[in-house]
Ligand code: TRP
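As structure tokens, one chain now follows by itself in the form predicted alone.
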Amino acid sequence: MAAETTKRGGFGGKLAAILAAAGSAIGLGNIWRFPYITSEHGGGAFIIIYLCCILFLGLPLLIAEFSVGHNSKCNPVDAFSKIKRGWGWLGAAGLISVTLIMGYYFVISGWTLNYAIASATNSIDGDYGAFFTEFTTGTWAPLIFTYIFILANHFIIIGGVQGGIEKASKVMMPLLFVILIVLAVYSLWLPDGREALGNVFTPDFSKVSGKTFLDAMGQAFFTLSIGMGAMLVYGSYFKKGTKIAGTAISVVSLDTIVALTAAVIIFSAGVENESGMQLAFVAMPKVFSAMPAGNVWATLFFLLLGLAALSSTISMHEAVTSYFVEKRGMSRKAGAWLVTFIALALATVASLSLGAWSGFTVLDMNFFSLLDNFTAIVMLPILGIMTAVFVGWIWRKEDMKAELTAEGGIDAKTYPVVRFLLRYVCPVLVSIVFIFGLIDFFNNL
């Protein structure tokens, strides 16, 4: 096993493992999605529900993925097959899902790079909505920035686990936290800044509905990269003796802190009622333009978005690269190039579908929206359910217990709780998200 681990590479220590895994979890959704759904569902009321979902849904599933990876020391396909023959399809489905996600996620990531440069050069003038529409529906400009972002991922990946991913994470994550803290401190000095804390944390249960619970479960599930194979691969790179439960708790804690801090920043700017791309690329630049040294703060904000995106996309890229290297016998450089070319092809179609190819639709959705909705509404919930079923029901009880209690840092008294959550609570909760998500999607067609 030692020889295999050395050949595969692995993280150099606990801190590297936490930073890399936290980077995978901390993405664009923490910074633009969490704030507006918090505002929509009653501030502190939503946060209470969300934290419960993180504790009883997100954390057990993250432990499950880490455990499968750490136990098998394999890529996602071989990991499930090694534990139970015939279950490699679950890992393969995860890799298909994360590949499709890369198709549109890289496009948005490229936008952050363009906006960081445009903010630094103070070249976003006039109508911010028109600037966003003109750029995103263009042909060459969004493609160029998308390609630059994909190539940045590529050269990190070919550096290997320690020389590429770990080294990048040790630089990116501290920088991300520094920028986040600087923006948070500055936001609290804005006219409405101090009130932002009250808006974030004061519960308003009058806004709580059934959709509140669904959005909280969905956010808890998707923010931790569950079902993509990325966390499983990172778990396989953990050194022997790495405490799985402790690492998972650290990742969940950092992910939640970033989301809450981002909410303070957004609430302070007074644009929390905007959503998604409009919040990040239209509302926030407009707010920054009215501030002293606004281009500086805008640049920092988009650097924050870019770093969050990059830390997530390298884990996606690595999950698929590991499959081609280990399962197909390719060199790391060749495997990385193959994944990069796949990502370039998907991202090209996704980007052009917003402009030149917008006339080609499926179910009234362009290719960009199709990738987004199919993975978020269909694939990831199903994969989350099946991961919980696999670890809770298929994996031999004795082997799972040995992995979690001997290596995972979970004591014998806590283990039955984790097992119960994976066997019963997680499949039920994620199934609810899946069913109601489908209903809501088709109702809105």
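Numbering starts at 1 and runs along the sequence shown. Bear in mind the structure is a predicted one, so any value in this text is a computation, not a measurement.
The same protein has a further form, the form predicted in complex with ligand TRP, not shown here; the description that follows concerns it.
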Query raised in the report: What is the one choice in 115, 105, 301, 149 with a heavy atom within 4.5 Å of ligand TRP in the model of the complex?
Result: 105
Query - Residue among 169, 321, 315, 236 with a heavy atom within 4.5 Å of ligand TRP in the model of the complex - result: 315
Query raised in the report: If we take heavy atoms and a 4.5 Å cut-off, which stretch out of 390-398, 409-417, 41-49, 24-32 is in contact with ligand TRP in the model of the complex?
Result: 24-32
Report task. Could you confirm whether residue 305 comes within 4.5 Å of ligand TRP in the model of the complex, counting heavy atoms only? Result -> no
Report task. State yes or no: in the model of the complex, is some non-hydrogen atom of residue 284 no more than 4.5 angstroms from a non-hydrogen atom of ligand TRP? Result -> no
Query raised in the report: At the 4.5 Å heavy atom threshold, is residue 213 in contact with ligand TRP in the model of the complex?
Result: no
Requested in this report: Evaluate residue 93 for contact with ligand TRP in the model of the complex, applying a 4.5 angstroms cut-off between non-hydrogen atoms, and reply yes or no.
Outcome: no
Report summary line: Near ligand TRP in the model of the complex, with a heavy atom at 4.5 Å or closer, the residues from 292-310 are none
